[in-house]
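A single chain, nothing else alongside it, follows as structure tokens in the form predicted alone.
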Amino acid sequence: MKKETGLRIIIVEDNIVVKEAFTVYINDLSNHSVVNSYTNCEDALKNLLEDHPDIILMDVDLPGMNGIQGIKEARKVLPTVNAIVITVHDNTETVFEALCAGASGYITKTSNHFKILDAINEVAAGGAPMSGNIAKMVVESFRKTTESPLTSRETEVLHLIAKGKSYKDIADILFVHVETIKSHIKNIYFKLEVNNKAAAIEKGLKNKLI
């Protein structure tokens, strides 16, 4: 086993070839160590405190819990952990959502070993590796009004409604009961002074609440 002199890293990636390639790059070409790797978030979360990683390389499209929720859950268990998204594309809304969920940056699955190690080192130094178009999306998100009448959870629910998710879908995504979602929606309607989803979405977009 490689001597651990650098950062502790775990990889959550269901593509075995990608997972093994990243492991080799990190273990053989840096002083960092891949202490464990998983093909799903559930197993990674079970062992998170034992692995105690400094950085998680997290795929987004995973069987079971997706990588975005996985990042949220991992940071609840281990608030100090940094997450780097492993993605096929570098300009998707999914990557942006992962960054909003707490990811520190991203790398593409086709990245060469230099870019992979650079991204890890940049995050370790407090940076956030991302492309210009993703950075622009992040900046735009900060332009949303700071005087929103909605709570962060209500904003999240309204965002999911705008994406066409059903109440059950939203409940599953947020790991809460459907009745809780209905309560949030009732509050959203009241605060935005609307009485249907279409009006709530329209007002949310117009006022840059979502």
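Take the two forms, superpose them, and find the largest set of C-alpha atoms that agree within 1.5 Å; that set is the rigid core. Given the structure is predicted, the values throughout are model-derived calculations rather than measurements. Just count from 1 along the sequence shown to find any residue number.
Omitted from view is the form predicted in complex with the DNA, to which the following refers.
Contact with the DNA, judged by heavy atoms within 4.5 Å in the predicted bound form, is confined among 58 to 66, 42 to 50, 180 to 188, 24 to 32 to 180 to 188. In the predicted bound form, the DNA stays beyond 4.5 Å of every heavy atom belonging to residue 163. Core-superposed comparison between the shown form and the other one: the CA of residue 193 exceeds or equals a 2 Å shift. Once both forms are fitted on their core, the CA shift for residue 54 between the shown form and the other one remains under 2 Å. Here residue 26 does not count as shifted, since its C-alpha moves by less than 2 Å between the shown form and the other one after the core is aligned.
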